[in-house]
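In what follows, one protein chain appears twice in different forms, each by itself as structure tokens: structure 1 and structure 2.
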Structure 1
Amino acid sequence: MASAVLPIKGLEGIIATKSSICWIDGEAGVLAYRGIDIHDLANHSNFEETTYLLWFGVLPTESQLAEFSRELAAARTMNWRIYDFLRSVPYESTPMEVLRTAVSLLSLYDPDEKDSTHDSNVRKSYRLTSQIAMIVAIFDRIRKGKSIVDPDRTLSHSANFLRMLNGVNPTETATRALDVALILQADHELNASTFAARVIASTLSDMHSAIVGAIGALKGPLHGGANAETMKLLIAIDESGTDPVEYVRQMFAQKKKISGFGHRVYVTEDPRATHLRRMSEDLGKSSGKSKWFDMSRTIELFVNKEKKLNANVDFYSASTYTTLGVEIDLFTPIFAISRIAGWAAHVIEQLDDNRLIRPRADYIGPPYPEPYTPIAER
């Protein structure tokens, strides 16, 4: 029977839990981690410090940050069987498929696998944060026939990932660009992947299962795959030789969606897009490859004028990652490299004060009681 409360499709605007991790004000364009504005974090913080904030609720002291960074770097290790798995999968497998399966395998070799206490979940979070970045870089090199680059525990999280991915130490500009991108995407309240992780954790499953579920949700093009679609559009425009504005105008005439614009939560500009726009521009200038930023900016101004839509986090992350030399199918895995910080924080918070997440559905099927018809009479 239909409930007295009307269902909201997609649960839009529904409050599902209490959390002290992330606050969003879509009307004002505010995103804050533990009360600290994302603009302050993007301008002054790094990924390690931001991750500490998400996990422990406060900004670290200098000594606490140094110890946290050492712990995260020390976690850059995996059982040899994970390496064998990465070598054995078909090279045409998508990196997100490989990442999803590899994270599931990680649980079999995690020393805290059978322990779901608060402290063990924090230890798992250190390992998963480091290991997810390693898996993405290692698989990309294996599928390209390149040698695996061992992790460098003297480098920051972002610098080490870029080194393991490209085989050379990154520039300061490239490292800072990735660091800012990781900060901006580290958490975003109850997005689809984070909600999936909390639902799984609420069943008293384990940290790895929750993260595998989150990766599965992030894999969808309506969630983590939007920046890849944005880059495919930029490449299509470039290869067509068509003016970007005219190309997008034709797409509008054909009722086609432009990836990277609009957001379920933000009415104003996505505050993350503000920083990624600047990073994309700075990277383009420093590398002498400003084509992708210039094209993106032209499209953004046109779409905003014509449709009053603002760029979201996905739009400029596309040109930023491409200028960093990242393959399109690695965009979403890099999203996971960032979002593991938030996923872990939410799983820990969920399990610290757990109640099974079990919503109801508004039934719209045949009225009860529907008679059972014997098979011979159907």
Structure 2
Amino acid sequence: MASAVLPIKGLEGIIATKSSICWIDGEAGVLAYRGIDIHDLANHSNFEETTYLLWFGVLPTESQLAEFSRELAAARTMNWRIYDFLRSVPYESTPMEVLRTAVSLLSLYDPDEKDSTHDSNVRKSYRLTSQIAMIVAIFDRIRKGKSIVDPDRTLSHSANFLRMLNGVNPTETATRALDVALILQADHELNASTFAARVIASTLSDMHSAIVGAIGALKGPLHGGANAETMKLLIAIDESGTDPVEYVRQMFAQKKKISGFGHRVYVTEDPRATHLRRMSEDLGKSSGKSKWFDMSRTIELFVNKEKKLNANVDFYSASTYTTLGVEIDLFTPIFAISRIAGWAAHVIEQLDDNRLIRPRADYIGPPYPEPYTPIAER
């Protein structure tokens, strides 16, 4: 078959697959999972229900949701060797590196490791969803010299994560805030990490390999790493004592990018940012710590005006998580705790109707045939 005529840098606008999971209208600022608007999900759903929707295509009945939540909670278990590994890594390793490596290790102890059937992949999805949250919480406790907190299977996914992270049962406000953040980030069509996962799955490699690749892609500052970069910027502005607008103006003058702004698909407001902005503001007010929200809002208005760039999902995640007391290097791992729902849905969809993903490159190297020069003559 003939190759495409023109290469499109970054594959912008290229339709690479059919999918029934996530729909984005970048011009209208619409995001929907299985046809259901993200605003409805953020306002009314919870992470378990949204994950069920992503994996099985429909909203669960009450009993289906109860059973699903039970199975997800039952999967809060890991081989003791994973605990040993988490104790053995250098404490200064970043949680994303540790998560990436630990997920790879998980495959060695997964009962379905050698089985890539649909049902087996669904079973692995339950386990990976629960285990990724556990790994993030457990490593954070270990690196801080704190005792590991056992999972509580009576709690929701979000509440259990916060409990395992902080050692105390979370407030309802904190649990709901995290739950909404997890819903908002659970899927986003063919974003870079999901595409990476689908490419790996398409080779008929295994689900763990696909998720390891996805975590590696998510880690980058142009993708999931942008939430942490945003917070580093807010702190740098605060510590410099410079007016935020002036600081950002100087960054523009130096042709620097402002993390948390811009998007490949949205040309209007990212609908996820709408919720995170509100959450950041509400949490700031209720905790009496609105400094980060106020600074973020000032920057947003300036960047909007100056460059016509909108805040994306990562911009207000930064002030939201910081106000919740979450450390910066856990922001992107929390993104992974959420996005595993979408990654799993996409890997399953890919394998249910697979064809190897193998595009072509527009060759711009030396013209063929170049002579092979013997080494002594070079």
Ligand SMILES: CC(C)(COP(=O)(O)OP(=O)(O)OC[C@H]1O[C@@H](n2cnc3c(N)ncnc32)[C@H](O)[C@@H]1OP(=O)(O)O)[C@@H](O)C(=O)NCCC(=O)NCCS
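Under this definition, the rigid core comprises the largest set of C-alpha atoms superposing within 1.5 Å between the forms. Everything numeric here is computed off the predicted structure, so don't read it as measured data. For numbering, take structure 1's sequence and count from 1.
Notebook entry, point to check: Looking at both, which one would you say is the form predicted in complex with this ligand?
Noted result: It is structure 2; that copy is the form predicted in complex with this ligand.
Check: If the rigid core is lined up, how many Å does the C-alpha atom of Tyr372 shift between the two structures?
Finding: Core-aligned C-alpha shift comes out at 2.5 Å.
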